[in-house]
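Just one chain follows, in the form predicted alone, and it is written as C-alpha coordinates.
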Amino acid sequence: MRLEKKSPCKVNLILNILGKRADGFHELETVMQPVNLCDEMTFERAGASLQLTCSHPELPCDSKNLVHRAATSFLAAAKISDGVKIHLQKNLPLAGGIGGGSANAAVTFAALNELFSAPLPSEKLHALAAALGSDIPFFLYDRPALTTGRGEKVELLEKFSILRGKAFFLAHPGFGISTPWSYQNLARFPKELNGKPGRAEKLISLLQTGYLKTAAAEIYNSLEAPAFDKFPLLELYQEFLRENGALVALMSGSGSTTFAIAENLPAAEKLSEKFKSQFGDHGWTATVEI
(Lines give C-alpha, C1' and ligand atoms only; values in the text may rest on other atoms or scores of the structure.)
Protein backbone atom coordinates (compact mmCIF):
# COMPACT_ATOMS: atom_id res chain seq x y z
CA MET A 1 0.00 0.00 0.00
CA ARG A 2 1.29 3.43 -0.98
CA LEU A 3 -0.09 6.78 0.16
CA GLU A 4 0.53 10.11 -1.54
CA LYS A 5 -0.11 13.20 0.58
CA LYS A 6 0.07 16.97 0.21
CA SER A 7 1.81 18.84 3.03
CA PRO A 8 0.55 22.46 3.10
CA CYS A 9 1.95 25.54 4.83
CA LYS A 10 0.45 28.38 6.89
CA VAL A 11 0.72 32.05 7.65
CA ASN A 12 0.19 33.74 11.00
CA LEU A 13 -2.45 36.45 10.75
CA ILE A 14 -1.31 37.54 14.19
CA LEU A 15 1.55 36.36 16.39
CA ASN A 16 1.36 38.04 19.78
CA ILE A 17 4.05 37.04 22.29
CA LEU A 18 2.89 37.33 25.91
CA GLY A 19 6.17 36.83 27.74
CA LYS A 20 8.69 34.14 28.55
CA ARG A 21 7.56 31.15 30.61
CA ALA A 22 9.34 29.39 33.46
CA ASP A 23 9.94 26.36 31.21
CA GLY A 24 11.93 28.47 28.72
CA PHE A 25 9.19 28.62 26.09
CA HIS A 26 7.22 31.75 25.26
CA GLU A 27 3.52 32.19 25.97
CA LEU A 28 1.75 33.30 22.83
CA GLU A 29 -1.52 33.72 21.01
CA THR A 30 -1.62 33.34 17.26
CA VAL A 31 -4.16 32.90 14.50
CA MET A 32 -2.92 30.50 11.84
CA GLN A 33 -4.39 30.32 8.37
CA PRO A 34 -3.80 27.29 6.12
CA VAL A 35 -2.23 28.04 2.75
CA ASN A 36 -2.64 25.66 -0.17
CA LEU A 37 1.01 25.60 -1.21
CA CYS A 38 2.45 22.19 -0.54
CA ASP A 39 5.34 19.81 -0.24
CA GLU A 40 4.55 16.29 -1.46
CA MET A 41 5.06 13.13 0.54
CA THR A 42 4.76 9.41 -0.13
CA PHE A 43 4.45 6.63 2.43
CA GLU A 44 4.61 2.86 2.01
CA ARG A 45 5.18 -0.23 4.06
CA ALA A 46 8.47 -1.63 2.84
CA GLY A 47 11.71 -3.12 4.10
CA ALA A 48 12.56 -3.85 7.72
CA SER A 49 13.25 -0.35 9.08
CA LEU A 50 12.41 3.33 8.68
CA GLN A 51 13.81 4.80 5.47
CA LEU A 52 13.49 8.52 4.70
CA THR A 53 14.59 10.17 1.47
CA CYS A 54 14.27 13.82 0.54
CA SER A 55 14.62 15.86 -2.65
CA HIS A 56 16.36 18.77 -0.89
CA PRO A 57 20.11 18.26 -0.51
CA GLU A 58 20.34 20.46 2.59
CA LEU A 59 17.81 18.45 4.58
CA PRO A 60 19.13 15.52 6.63
CA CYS A 61 17.29 12.21 6.42
CA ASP A 62 18.08 11.00 9.93
CA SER A 63 16.79 11.91 13.41
CA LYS A 64 17.60 15.59 12.75
CA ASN A 65 14.63 15.65 10.36
CA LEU A 66 11.17 16.21 11.88
CA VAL A 67 9.66 13.63 9.53
CA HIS A 68 12.06 10.97 10.78
CA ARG A 69 11.38 11.92 14.40
CA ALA A 70 7.61 11.92 13.83
CA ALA A 71 7.72 8.50 12.21
CA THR A 72 9.92 7.10 14.98
CA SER A 73 7.56 8.52 17.61
CA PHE A 74 4.47 7.10 15.90
CA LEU A 75 5.91 3.62 15.37
CA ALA A 76 7.02 3.42 19.01
CA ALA A 77 3.65 4.61 20.34
CA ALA A 78 1.76 2.21 18.09
CA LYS A 79 4.18 -0.64 18.89
CA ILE A 80 4.83 -1.24 15.19
CA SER A 81 8.07 -2.88 14.06
CA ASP A 82 7.29 -3.06 10.32
CA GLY A 83 9.48 -1.19 7.86
CA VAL A 84 8.31 2.14 6.43
CA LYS A 85 9.59 4.05 3.42
CA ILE A 86 8.93 7.81 3.24
CA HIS A 87 9.89 10.27 0.53
CA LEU A 88 9.65 14.05 0.94
CA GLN A 89 9.49 16.22 -2.16
CA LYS A 90 10.41 19.63 -0.77
CA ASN A 91 8.75 22.45 -2.71
CA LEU A 92 8.52 25.03 0.07
CA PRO A 93 11.48 27.12 1.29
CA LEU A 94 13.39 26.14 4.40
CA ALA A 95 13.31 28.28 7.57
CA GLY A 96 10.57 30.45 6.10
CA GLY A 97 8.20 30.87 9.03
CA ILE A 98 5.40 29.12 7.13
CA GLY A 99 5.54 25.83 9.01
CA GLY A 100 6.78 23.57 6.23
CA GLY A 101 8.70 21.22 8.51
CA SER A 102 5.92 21.16 11.12
CA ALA A 103 3.40 20.28 8.43
CA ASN A 104 5.65 17.49 7.15
CA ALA A 105 5.68 16.01 10.66
CA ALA A 106 1.89 16.33 11.09
CA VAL A 107 1.25 14.70 7.73
CA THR A 108 3.60 11.90 8.76
CA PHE A 109 1.59 11.20 11.92
CA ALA A 110 -1.72 11.19 10.05
CA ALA A 111 -0.46 9.20 7.05
CA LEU A 112 1.18 6.47 9.12
CA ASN A 113 -1.97 6.15 11.19
CA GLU A 114 -3.88 5.61 7.95
CA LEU A 115 -1.23 3.28 6.55
CA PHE A 116 -1.46 1.00 9.61
CA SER A 117 -5.28 1.07 9.92
CA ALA A 118 -5.61 3.70 12.65
CA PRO A 119 -3.95 2.12 15.70
CA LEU A 120 -3.88 5.48 17.51
CA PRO A 121 -6.86 7.73 18.35
CA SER A 122 -6.79 11.39 17.31
CA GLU A 123 -6.11 12.50 20.90
CA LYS A 124 -2.93 10.43 20.97
CA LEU A 125 -1.78 11.82 17.61
CA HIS A 126 -2.31 15.35 18.95
CA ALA A 127 -0.28 14.54 22.07
CA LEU A 128 2.58 13.08 20.02
CA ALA A 129 2.51 16.11 17.72
CA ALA A 130 2.55 18.58 20.64
CA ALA A 131 5.47 16.76 22.23
CA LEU A 132 7.48 17.05 19.03
CA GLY A 133 6.85 20.70 18.13
CA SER A 134 4.59 23.61 19.01
CA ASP A 135 3.18 24.24 15.51
CA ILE A 136 2.69 20.59 14.58
CA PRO A 137 -0.79 19.99 16.11
CA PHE A 138 -2.29 22.77 13.98
CA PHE A 139 -1.42 20.87 10.80
CA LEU A 140 -3.46 17.84 11.87
CA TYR A 141 -6.49 19.90 10.81
CA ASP A 142 -7.42 21.80 7.65
CA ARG A 143 -8.94 24.91 9.20
CA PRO A 144 -7.90 28.26 10.60
CA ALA A 145 -7.17 28.09 14.30
CA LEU A 146 -6.42 30.11 17.38
CA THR A 147 -3.41 28.53 19.06
CA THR A 148 -2.24 29.43 22.53
CA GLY A 149 0.16 28.25 25.23
CA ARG A 150 3.46 27.70 23.46
CA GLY A 151 1.38 27.03 20.32
CA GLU A 152 0.26 23.50 21.11
CA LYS A 153 -3.29 24.37 22.24
CA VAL A 154 -5.47 24.47 19.13
CA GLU A 155 -8.97 25.96 18.93
CA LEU A 156 -10.40 25.38 15.47
CA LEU A 157 -12.21 28.27 13.76
CA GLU A 158 -14.65 28.57 10.91
CA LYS A 159 -13.16 29.83 7.66
CA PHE A 160 -13.07 33.63 7.57
CA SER A 161 -15.77 34.84 5.19
CA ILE A 162 -14.05 38.18 4.50
CA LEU A 163 -11.07 36.30 3.05
CA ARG A 164 -13.22 34.38 0.55
CA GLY A 165 -12.05 35.13 -2.98
CA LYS A 166 -8.93 36.91 -1.76
CA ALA A 167 -5.44 35.64 -2.58
CA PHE A 168 -2.01 35.40 -1.01
CA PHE A 169 1.29 36.50 -2.45
CA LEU A 170 4.26 35.06 -0.56
CA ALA A 171 7.92 35.99 -0.90
CA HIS A 172 10.92 34.28 0.67
CA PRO A 173 14.14 36.30 0.23
CA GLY A 174 16.47 33.35 -0.25
CA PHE A 175 17.65 33.25 3.36
CA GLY A 176 15.97 31.82 6.42
CA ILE A 177 15.65 33.01 10.00
CA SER A 178 16.22 30.58 12.84
CA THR A 179 13.23 30.37 15.17
CA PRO A 180 15.45 30.04 18.30
CA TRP A 181 17.40 33.13 17.16
CA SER A 182 14.18 35.11 16.79
CA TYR A 183 12.95 34.30 20.27
CA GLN A 184 16.36 34.85 21.87
CA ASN A 185 16.69 38.29 20.29
CA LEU A 186 13.14 39.26 21.19
CA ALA A 187 14.53 39.92 24.68
CA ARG A 188 15.99 43.16 23.27
CA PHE A 189 12.46 44.40 22.55
CA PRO A 190 10.51 44.41 25.86
CA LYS A 191 7.29 45.79 24.38
CA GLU A 192 7.10 43.04 21.75
CA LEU A 193 8.21 40.37 24.26
CA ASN A 194 5.38 41.23 26.66
CA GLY A 195 2.38 41.77 24.44
CA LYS A 196 -1.13 42.59 25.62
CA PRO A 197 -3.38 39.50 25.82
CA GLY A 198 -6.60 39.40 23.83
CA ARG A 199 -5.34 40.78 20.52
CA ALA A 200 -5.85 37.46 18.74
CA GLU A 201 -9.48 37.14 19.84
CA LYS A 202 -10.13 40.74 18.77
CA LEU A 203 -8.71 39.97 15.33
CA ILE A 204 -10.81 36.81 15.05
CA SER A 205 -13.97 38.79 15.80
CA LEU A 206 -13.11 41.32 13.09
CA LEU A 207 -12.27 38.59 10.57
CA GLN A 208 -15.58 36.87 11.28
CA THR A 209 -17.87 39.90 11.35
CA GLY A 210 -16.05 42.99 10.09
CA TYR A 211 -14.23 44.31 7.08
CA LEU A 212 -10.73 43.39 6.00
CA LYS A 213 -9.62 47.04 6.08
CA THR A 214 -10.62 47.23 9.75
CA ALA A 215 -9.11 43.83 10.58
CA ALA A 216 -5.86 44.77 8.84
CA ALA A 217 -5.12 47.30 11.58
CA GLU A 218 -4.99 44.42 14.10
CA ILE A 219 -2.78 42.10 12.05
CA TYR A 220 0.54 41.97 13.89
CA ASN A 221 3.70 39.92 14.50
CA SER A 222 5.87 40.43 17.60
CA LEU A 223 8.81 38.70 15.93
CA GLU A 224 9.11 41.36 13.24
CA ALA A 225 11.06 43.50 15.72
CA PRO A 226 14.25 41.39 15.82
CA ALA A 227 13.84 40.34 12.18
CA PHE A 228 13.59 43.91 10.84
CA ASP A 229 16.48 45.00 13.04
CA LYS A 230 18.80 42.45 11.43
CA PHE A 231 17.17 42.20 7.99
CA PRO A 232 15.75 45.63 7.01
CA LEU A 233 15.04 44.24 3.55
CA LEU A 234 11.98 42.52 5.00
CA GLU A 235 10.53 45.83 6.10
CA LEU A 236 11.18 47.23 2.62
CA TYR A 237 9.24 44.27 1.19
CA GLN A 238 6.20 45.21 3.23
CA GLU A 239 6.37 48.89 2.40
CA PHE A 240 6.58 48.11 -1.30
CA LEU A 241 3.68 45.64 -1.18
CA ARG A 242 1.39 48.07 0.62
CA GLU A 243 2.30 50.87 -1.77
CA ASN A 244 1.41 48.62 -4.70
CA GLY A 245 -2.03 47.47 -3.67
CA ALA A 246 -1.62 44.84 -0.94
CA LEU A 247 -4.52 44.91 1.50
CA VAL A 248 -2.28 43.39 4.18
CA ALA A 249 1.47 42.74 4.38
CA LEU A 250 3.13 40.89 7.25
CA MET A 251 5.99 38.55 8.08
CA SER A 252 4.81 35.03 8.85
CA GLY A 253 5.97 33.33 12.04
CA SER A 254 9.65 33.86 12.79
CA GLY A 255 10.29 34.72 9.14
CA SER A 256 11.72 35.17 6.69
CA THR A 257 8.64 34.80 4.46
CA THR A 258 6.54 37.92 3.88
CA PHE A 259 2.94 37.47 2.81
CA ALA A 260 0.47 39.90 1.31
CA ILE A 261 -3.28 39.63 0.91
CA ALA A 262 -4.62 40.82 -2.44
CA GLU A 263 -8.18 41.43 -3.62
CA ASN A 264 -8.14 38.33 -5.84
CA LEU A 265 -5.74 36.00 -7.65
CA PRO A 266 -5.16 38.28 -10.68
CA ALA A 267 -4.33 41.12 -8.29
CA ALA A 268 -1.89 38.84 -6.42
CA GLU A 269 -0.23 37.85 -9.68
CA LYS A 270 0.10 41.50 -10.68
CA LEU A 271 1.61 42.22 -7.27
CA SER A 272 4.06 39.37 -7.84
CA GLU A 273 5.17 40.84 -11.17
CA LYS A 274 5.77 44.25 -9.62
CA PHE A 275 7.64 42.70 -6.71
CA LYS A 276 9.98 40.73 -8.98
CA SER A 277 10.59 43.80 -11.11
CA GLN A 278 11.64 45.69 -8.00
CA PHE A 279 13.55 43.03 -6.05
CA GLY A 280 14.50 40.42 -8.67
CA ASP A 281 13.56 36.77 -8.69
CA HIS A 282 16.45 35.17 -6.82
CA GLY A 283 14.20 34.14 -3.92
CA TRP A 284 11.00 32.09 -3.81
CA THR A 285 7.61 33.58 -4.56
CA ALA A 286 4.14 32.14 -4.96
CA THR A 287 0.54 33.22 -5.39
CA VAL A 288 -2.49 31.21 -4.32
CA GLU A 289 -6.17 31.79 -3.75
CA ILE A 290 -7.28 31.73 -0.12
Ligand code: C5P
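These numbers come from a predicted model, not from an experiment. Numbering starts at 1 and follows the sequence shown.
The form predicted in complex with the named molecule exists for this protein as well; it is not shown, and the discussion that follows is about that form.
>> Given the stretches 199-207, 177-185, 212-220, 70-78, which is the single one in contact with the named molecule in the predicted bound form, using a heavy atom cutoff of 4.5 Å?
In response: Of the stretches listed, the one contacting the partner is 177-185.
>> Within 4.5 Å, heavy atoms only, which of 28, 241, 261, 32 is in contact with the named molecule in the predicted bound form?
In response: Only one listed residue qualifies here, and that residue is 28.
>> If the cut-off is 4.5 angstroms on heavy atoms, which of these, 150, 166, 126, 87, is the one near the named molecule in the predicted bound form?
In response: Flagged contact: 150.
>> residue 91 versus the named molecule, in the predicted bound form: is there a non-hydrogen atom within 4.5 Å?
In response: Close contact is absent here: in the predicted bound form, residue 91 is far from the named molecule, nothing within 4.5 Å, heavy atoms only.
> Hey, in the predicted bound form, does residue 134 get a heavy atom within 4.5 angstroms of the named molecule?
Replying inline: Heavy-atom contact with the named molecule at 4.5 Å: present for residue 134.
> Does at least one non-hydrogen atom of residue 280 fall within 4.5 angstroms of the named molecule in the predicted bound form?
Replying inline: Outside the cut-off, so no.
>> Using a 4.5 Å heavy atom cutoff, which residues in 226-264 contact the named molecule in the predicted bound form? It's fine if the answer is none.
In response: The stretch does not touch the partner at all.
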